[in-house]
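As a starting point, one isolated chain is supplied in structure tokens, in the form predicted alone.
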Amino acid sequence: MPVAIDAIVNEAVASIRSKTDFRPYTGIILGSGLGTLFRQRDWIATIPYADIAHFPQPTVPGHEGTLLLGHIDSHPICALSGRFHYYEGHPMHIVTLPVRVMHALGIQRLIITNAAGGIHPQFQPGNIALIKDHINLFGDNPLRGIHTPSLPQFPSMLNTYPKPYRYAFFQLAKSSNLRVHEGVYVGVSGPSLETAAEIHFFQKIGGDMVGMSTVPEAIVAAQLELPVLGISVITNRCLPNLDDEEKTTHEMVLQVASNTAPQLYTLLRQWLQVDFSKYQLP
């Protein structure tokens, strides 16, 4: 039976609107270990997920579970400190519910961040890599079984991550003497990490980084016509010939992401001020 997602979204939005009528322009999803990005700011509203209808509590360390509403400088944002993952057992319509809720709150664009393993040999822990495209290997799609008559059933994914968004970010990084990569993100269901054969396969099909989130959120954003700035923090090397000494732990992922967070915050703060209505590529 199709899921009547509109009713679920409306109930979640009503929970938020009972506490604030703030209207954000940009939505931000903070990935593993990146919740510290905005922790010290003064917010108009901070709402625990437990107080939002249909929002489950994240079970993974590094995902706090709080909705943040307020300004970065003068820019109105809505930030999710913590996400729900498919591997936690949630259905896709719940994994992507926050995107639909932020859209209903008024956002016009979405920033999706994540912690990812570097498949590209040049990607090192602590690097920032922009997502120029993705490959969906979840074995599922968040639009399957969703009943949304007012939205396209077959949305195009060809311009999900607009080039102007990425170019502006690159220019800001260059002016700060920071190196930023770009690549294709491979989304997998998890929670087990990848085998050497899987990593080799991801490289063969054009992947540069791999993670267990982002793709479902980006698909829903495309259906809602929300342009996406996708950002991976490379937290570990994910190569098929690594020694056992380089086995990845979640604690390692959180630490590297947390260490990179201040650098990422500086760039995001500048990027939010770019006027894309007047922006042109050279």
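In this text, residue numbers run from 1 along the sequence as written. Worth saying up front: this structure is predicted, and the values here are computed from it rather than measured.
Just so it is clear, the following notes concern the form predicted in complex with a small molecule, a form of the same protein that is not shown.
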* Heavy atom to heavy atom, is Gly211 within 4.5 Å of the small molecule in the predicted bound form? -> yes
* Check whether Cys238 has any heavy atom within 4.5 Å of a heavy atom of the small molecule in the predicted bound form, and answer yes or no. => yes
* **Asp133 within 4.5 Å of the small molecule in the predicted bound form, heavy atoms** => no
* Asked: Is Leu193 close enough to the small molecule in the predicted bound form to count, meaning some heavy atom within 4.5 Å?
  -> yes
* Structure fact -> Here the chain appears without its partner; judged in the predicted bound form, the stretch of 159 to 167, 69 to 77, 110 to 118, 138 to 146 with heavy atoms within 4.5 Å of the small molecule is 110 to 118
